[in-house]
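Given as structure tokens, the chain that follows is alone and in the form predicted on its own.
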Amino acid sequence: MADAAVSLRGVRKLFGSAAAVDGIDLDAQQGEFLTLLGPSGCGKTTTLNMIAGFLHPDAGSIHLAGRKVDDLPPFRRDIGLVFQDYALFPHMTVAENVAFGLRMRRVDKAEIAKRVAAALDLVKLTGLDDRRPLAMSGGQRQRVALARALVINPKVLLLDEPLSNLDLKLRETMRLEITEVQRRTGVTTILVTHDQGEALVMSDRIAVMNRGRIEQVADARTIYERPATRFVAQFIGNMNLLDVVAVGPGGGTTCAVRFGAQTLTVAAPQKLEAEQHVLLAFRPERSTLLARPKDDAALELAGTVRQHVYLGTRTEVHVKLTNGASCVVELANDRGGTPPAIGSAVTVRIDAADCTAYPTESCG
């Protein structure tokens, strides 16, 4: 905690009798880009507002660079904040908006002009000093808000779903630009988003939240390829889930599972009991389709092609298995390649290394 830029310990926030944030521990390291990811109502924005000082925790403590800040007002926390709607002053020019925080801090006029120019150059808005926000595009307004947050040289930058009001192509562009600016400045950044793509592209680490708690904190690759809980597995990307039976006790590493007459050993991050019904999770893009079964250690599921979903670079093939379950296989749309015809018999093959078993209890 001593070396962390932001540290939360046992932080809890109640609204009435409901816990919006339910006793979380979380650290953001110096210079890190950390994302709070989760569905609406999971507590991520409440967490951000407590870090910013807009809400006071009902339990626990918040430290910035080792300093407890629970009782400090927002303006004394040395934090830059970019809001979802940018919150720019429409009657002010770009330069005046960016300079606002510096003027409130009574910075010298010459220093203000120098730092505003540097901030606008950083976000590629040089030459637009005199323009007003209503005469700018959404992407430009977002850059102004970012420049205003960075010009005060904050120790921590908080981003509250800053790309949600932009169209798809502009979001894809801006998430790369924000990441580049963060790398150049080295400012510790915490992003709140429900967009998985933003989190996977922009983050050094991702904290996945659900019902006020943190389900997993890890880098993007680990979150996607080795989700720690069933909730994370279902929330991040597309995931097939099959009902199987644990052959023996396991958990924390691996466990043998049984599907029909087939048995294979798969990852099992949580404790599983012998003969317990569990869910076997695997990604559609890690599956392959075979014309006939092969005699090897992989899981092979017989079924019939029911539907194709064309997605540009890939095609989803929806397969009805002989036991009544369904799964999806993603195939790359390689030049000249075509998916199996609807109604054709296929075998879905998944390597054991690409499967994970989870308990069947509700994930919320």
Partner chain sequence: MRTRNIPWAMLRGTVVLLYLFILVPIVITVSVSFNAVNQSKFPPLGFSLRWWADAMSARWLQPLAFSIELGLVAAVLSMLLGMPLAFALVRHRFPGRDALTTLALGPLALPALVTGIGLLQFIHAAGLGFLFGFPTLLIGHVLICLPFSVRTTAISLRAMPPNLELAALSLGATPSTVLREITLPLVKSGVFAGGVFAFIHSFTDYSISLFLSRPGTQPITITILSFLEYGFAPTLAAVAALTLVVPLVLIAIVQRVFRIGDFLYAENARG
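Given the structure is predicted, the values throughout are model-derived calculations rather than measurements. Numbering follows the first chain given and starts at 1.
We do not show the form predicted together with its partner chain, though everything after this point is about it.
Novice: For Met92, is any heavy atom within 4.5 Å of its partner chain in the predicted complex, or not?
Specialist: Met92: yes, in contact with its partner chain in the predicted complex.
Novice: Contact with its partner chain in the predicted complex for Ala87, defined as at least one heavy atom pair within 4.5 Å: yes or no?
Specialist: Ala87 belongs to the contact set for its partner chain.
Novice: With the partner left out here, check for me: in the predicted complex, does some heavy atom of Arg143 sit within 4.5 Å of its partner chain?
Specialist: No.
Novice: Should Pro74 be classed as touching its partner chain in the predicted complex when contacts are defined as heavy atoms within 4.5 Å?
Specialist: Pro74: contacts its partner chain in the predicted complex.
Novice: Scan Val116, Val192, Ala246, Leu81 and let me know which has any heavy atom within 4.5 Å of its partner chain in the predicted complex.
Specialist: Exactly one listed residue reaches within 4.5 Å, namely Leu81.
Novice: Exactly one of Ala291, Ala110, Ala261, Leu134 has a non-hydrogen atom within 4.5 Å of its partner chain in the predicted complex; which residue is it?
Specialist: None of the other options qualify; the answer is Leu134.
Novice: Taking 4.5 angstroms as the heavy atom distance cut-off, pick the stretch from 119-127, 168-176, 200-208, 99-107 that is near its partner chain in the predicted complex.
Specialist: So the stretch in question is 99-107.
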